[in-house]
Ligand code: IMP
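Just one chain is shown here, as structure tokens, and it is the form predicted on its own.
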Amino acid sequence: MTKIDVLLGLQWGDEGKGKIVDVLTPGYDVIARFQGGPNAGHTIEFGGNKHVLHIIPSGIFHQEKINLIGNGVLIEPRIFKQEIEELEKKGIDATRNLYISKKAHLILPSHRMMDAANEQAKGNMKIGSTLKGIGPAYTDKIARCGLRVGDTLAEDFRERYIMLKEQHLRMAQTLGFDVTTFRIDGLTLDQYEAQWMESLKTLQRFRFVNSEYFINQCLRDDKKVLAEGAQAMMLDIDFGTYPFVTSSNTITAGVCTGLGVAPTAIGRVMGITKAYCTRVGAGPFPTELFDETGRRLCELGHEYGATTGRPRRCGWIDMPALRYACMINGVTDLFVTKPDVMNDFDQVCMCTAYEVGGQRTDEIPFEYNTMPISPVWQSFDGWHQSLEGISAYDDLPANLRTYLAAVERQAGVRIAAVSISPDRKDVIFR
């Protein structure tokens, strides 16, 4: 029986997971998403074109590979339909190789309404939600009143849907939310609901499976499986910068619950980090830069959310957070992306420790959100050289290799590959 390999982000998201999954897919038989939903945005570039996926696994462009949406994923049918239509425009027939867990939960239109209502109620304490309904849908899952993909085939699905929707409406009104003026993509709740219901026909074109049996049979058949995470380690509901996190377990342990595999089935854990840091939305970010350097990172790195379009907050790499991520996830292979963004910088920096309350620490403090944190910096000379055309690790500029060696040493994990452009061809393996 083969092991299931895992690929996940080690920062606050947007590390380049989609691209690396796409690059690694030829070496696997099955690509499986295990958590998250349309709040994810995985960008893949090849042939001069950019492709953004939200719910569908990033192996979908390889038609000979199986792609699985696991039970831990949330599906919003209208967004799913739009994603399928975009793939069809590019000649991709996803019905050939995409399987969906019957146990994956659905995001209802009223979940998206509740997301907006909850954010409004928080006032200045907003968490910066993508407003895709993620939190309310996972809330209903835990409260044991959610609807799942397999439920769409039940005769009483409409009745159960209406019951849950009415519950949401009562909750929104209790929060003082004006349901009559609420819009999703310019549509009223009723208008959006009509399109959502129509989108179920697209969802039902796909093969619904008991995914826990499906994935374990794949492993017994010695198929190579890659589990693809969404969001990232520092947004994990338990170990991230709570409450400024997503609503699921984004870590390696989430593979076991999000796909239905045993801990003993986990093989390699491939973690991805940018050569610097970014974050979307509210929450602590100790290495954030508010100066011209931060603005340059944003512009040169095209740091705008694939899902939200919001500009990302930018800063230098945070090694205490990266060490923490490697520890929690048991990372065996480190992938570093986007060093090319810093090609023309005179100096690049990394945070090697924190000063909290007058004391130096290597750990992520519990008071991460509430106490002032001062980074302890180490600086490196820039490399002032384009990385275009480089295909061997040893041919990277010497100053870049010095920087990467420091990342490797600080993280305690060997760098397996470096991505030097958005294109799938520009990944240098060691």
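In this text, all values refer to a predicted model and were calculated from it rather than measured experimentally. Residue positions are given as counts along the sequence shown, with the first one as 1.
If you look for the form predicted together with ligand IMP, you will not find it shown, but the lines that follow are about it.
Engineer: At 4.5 Å between heavy atoms, only one of the stretches 356-364, 186-194, 316-324, 276-284 reaches ligand IMP in the predicted complex; which one is it?
Structural biologist: Checking each option against the 4.5 Å cut-off leaves 276-284.
Engineer: Between N216, N118, T202, T130, only one gets a heavy atom within 4.5 angstroms of ligand IMP in the predicted complex; which residue is that?
Structural biologist: Residue within 4.5 Å of the partner: T130.
Engineer: Since exactly one of V255, L235, I107, V73 fits, which has a heavy atom within 4.5 Å of ligand IMP in the predicted complex?
Structural biologist: Of the candidates V255, L235, I107, V73, L235 is the one lying within 4.5 Å of ligand IMP in the predicted complex.
Engineer: Decide yes or no: are M270, T332 and R430 jointly within 4.5 Å of ligand IMP in the predicted complex, with each residue judged by its heavy atoms?
Structural biologist: Checking in the predicted complex: none of M270, T332 and R430 is within 4.5 Å of ligand IMP.
Engineer: Does the 4.5 Å heavy atom contact test between P375 and ligand IMP in the predicted complex come out positive?
Structural biologist: Output for P375 is no: heavy atoms all beyond 4.5 Å of ligand IMP.
Engineer: Report whether the minimum heavy atom distance between T337 and ligand IMP in the predicted complex is within 4.5 Å.
Structural biologist: Close contact is absent here: in the predicted complex, T337 is far from ligand IMP, nothing within 4.5 Å, heavy atoms only.
Engineer: Although the partner isn't part of this model, could you tell me whether I134 comes within 4.5 Å of ligand IMP in the predicted complex, counting any heavy atom of the residue?
Structural biologist: Contact with ligand IMP, yes.
Engineer: Taking heavy atoms and a 4.5 Å cut-off, does A40 contact ligand IMP in the predicted complex?
Structural biologist: Within the cut-off, so yes.
Engineer: For 233-265: residues with a non-hydrogen atom within 4.5 angstroms of ligand IMP in the predicted complex?
Structural biologist: Heavy-atom contacts within 4.5 Å come from L235, V245, T246.
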